[in-house]
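Here we start with a single chain on its own, the form predicted alone, put down as structure tokens.
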């Protein structure tokens, strides 16, 4: 109660005992002790300073599209960047806050007749996560148009980094330890609005035809070198494998979908069986692309 009063006194947006399943795309996870939803960078800084001062473990999250929360709940604080979602355009330069949804970014760019982020139209994530994973689709990636990234460092300072600083590769960016992505600056090209929108429609249709529509955490496993994990998973014949409410998608075998009431334990029970089968058949060790957040120990 004292902690909540301190947060309110600082003008912070705090909820207690929220359902963690509401904050991940897969839809699993127990209650979270504290959820902060800062509306600006200044509020984010005050939030992190309060949590550090109080010794409360925390995680900063974006859209929750590639992470899973513990079923027993998260004994700490989650800080969601969903409200930091502005997208600004100046000429061919787009500055997008970390919490801006990728499909929204693509639509705003298209409306301004700017080309370069059409690939983002169907990716269920936000800009901050896209920077951290160098998100992409249809052989295009964020690093193709990224100019700069503004981050909040572990000591509370803002810093501007370039793609070269981040050493961006497939699904990875080398962000400084403990930093939080605040925004990304993109350099796009002027295009014909109708053609840009047509490209986005085509991409959306292709995704709908090849990826499941049920709730998921996105791709479960990383590529093995240049080979998609699905190539190996397909050989196991495990499509449709269901444990509890989690099912290995019949549409795309590198997705595990929530068929209703799935737990995080269900998800990983399916995933671990897939990993074992791939290794037994192909002698290939798959690694996770999704992140499992563990509940910190509270003293």
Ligand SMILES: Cc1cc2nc3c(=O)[nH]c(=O)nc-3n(C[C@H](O)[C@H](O)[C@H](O)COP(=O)(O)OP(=O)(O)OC[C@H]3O[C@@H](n4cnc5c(N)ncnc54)[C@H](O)[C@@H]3O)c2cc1C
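Since the model is a prediction, treat every value here as computed from it, not as a measurement. Numbering follows the first chain given and starts at 1.
FYI, the form predicted in complex with the ligand isn't displayed, but the following is about it.
Of the candidate stretches 104 to 112, 135 to 143, 187 to 195, 153 to 161, only 135 to 143 has residues with heavy atoms within 4.5 Å of the ligand in the predicted complex. Annotation: in the predicted complex, residues 228, 238 and 278 none come within 4.5 Å of the ligand through any heavy atom.
In the predicted complex, no heavy atom of residue 259 sits within 4.5 Å of the ligand. In the predicted complex, the ligand sits within 4.5 Å of a heavy atom belonging to residue 124.
Shown alone here, residue 291 lies within 4.5 Å of the ligand in the predicted complex, counting heavy atoms only.
Within 4.5 Å of any heavy atom of the ligand in the predicted complex lies no heavy atom of residue 96.
For the candidate set 168, 203, 81, 77, a heavy atom within 4.5 Å of the ligand in the predicted complex is found for exactly one residue, namely 81. Residues 211, 216, 217, 218 of 210 to 231 are found to place at least one heavy atom within 4.5 Å of the ligand in the predicted complex.
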